[in-house]
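Single chain ahead, by itself, as structure tokens, in the form predicted on its own.
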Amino acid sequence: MPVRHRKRRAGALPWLFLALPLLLLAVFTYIPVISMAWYSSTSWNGVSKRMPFVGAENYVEIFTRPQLFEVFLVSLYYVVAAFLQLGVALYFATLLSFRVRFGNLFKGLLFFPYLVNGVAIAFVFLYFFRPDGTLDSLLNFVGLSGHQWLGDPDTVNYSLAGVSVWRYTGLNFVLFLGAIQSIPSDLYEASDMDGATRWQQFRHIILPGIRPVVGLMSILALAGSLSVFEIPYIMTGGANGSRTFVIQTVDMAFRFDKVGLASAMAFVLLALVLLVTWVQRRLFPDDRSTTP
């Protein structure tokens, strides 16, 4: 076979392997996004065959109706909870990266909540927070009174954000632990010979070594905080001031039959997530992007 033909076949081989993944990506990601962009410029109700074109009217409605944007205040509870969750996960990952008695048991216990289905977690914590439930019984045992944890607008978002921390700390813990264990052991041995403390090892070896993972987890945590849905929807349905932007979007589409407006809201959420990601990347660039 001529050399030219062999080079041509070698150049086409990667595209042959990429063809099916790219096709699936286009069918299940990009085409639905393009369709949603079209829906956002219509007043479609989700059922009718007619899709009246309204241009940017849905976007104008989103930015001129304060009640549509006020729900983002609820996301602040989850943003704070997300950073608390990252801090707790990093603490335990650092602690268990060293030799600790029953270390594997603690690793399993920390990761276990992430393996439980979100619906099951929601039902478990419904019984935990209900009046005279598990939490109230524990408080009564130590002489404190119970509370309407999910019925009081002042405490409902704290309770739901706490459930989110309980569920996702294990995932962050495993990713941090894997990153920490990928750091060469020579660095720890050299620092031990120099008399470095655990805190100095964490500050000068571990934290710089896992910086890309910390940045990635921060982006995912912020994006997840803006798009919280599962736990508050199942536990309260968005009642008592716990409605998030995604719950409001779902209600707009399937409860009020405003699929066009809901599609525009989904696009606004996507834009916010991309904006947060861009800001985070600008503030905390990877080492590779800063290396000349």
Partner chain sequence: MTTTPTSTRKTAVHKTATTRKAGPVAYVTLVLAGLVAVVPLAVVLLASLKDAAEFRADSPFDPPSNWLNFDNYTTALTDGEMGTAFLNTTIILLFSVTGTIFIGSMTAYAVDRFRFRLRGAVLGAFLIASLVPAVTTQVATFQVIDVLGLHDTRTAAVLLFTGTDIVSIYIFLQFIRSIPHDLDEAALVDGASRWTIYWKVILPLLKPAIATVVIVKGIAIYNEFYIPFLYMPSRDLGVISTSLFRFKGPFSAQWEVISAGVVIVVLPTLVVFLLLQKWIYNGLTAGATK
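Note that the structure is a prediction, hence the values are computed from the model and not measured. If you superpose the two forms and keep the largest set of C-alpha atoms that fall within 1.5 Å, you have the rigid core. Positions refer to the first chain, counted from 1.
What comes next is about the form predicted in complex with its partner chain, which is not displayed.
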**Request:** Note which of 79, 175, 205, 71 lies within 4.5 Å of its partner chain in the predicted complex, where distance is taken over heavy atoms; exactly one does.
**Result:** 175
**Asked** residue 270 near its partner chain in the predicted complex, any heavy atom under 4.5 Å?
**Response** yes
**Item:** Heavy atom of residue 31 within 4.5 Å of its partner chain in the predicted complex
**Value:** yes
**Message:** I'd like to know if residue 107 sits close to its partner chain in the predicted complex, meaning any non-hydrogen atom pair within 4.5 angstroms.
**Reply:** yes
**Message:** So in the predicted complex, is its partner chain close enough to residue 209 to count as touching (4.5 Å, heavy atoms)?
**Reply:** no
**Contact set, 125-159 vs its partner chain in the predicted complex - heavy atom within 4.5 angstroms** = 125, 126, 127, 128, 130, 132, 133, 134, 137, 138, 141
**Message:** Quick check: residue 33 between this form and the one not shown - does its CA shift reach 2 Å or more after fitting the rigid core?
**Reply:** no
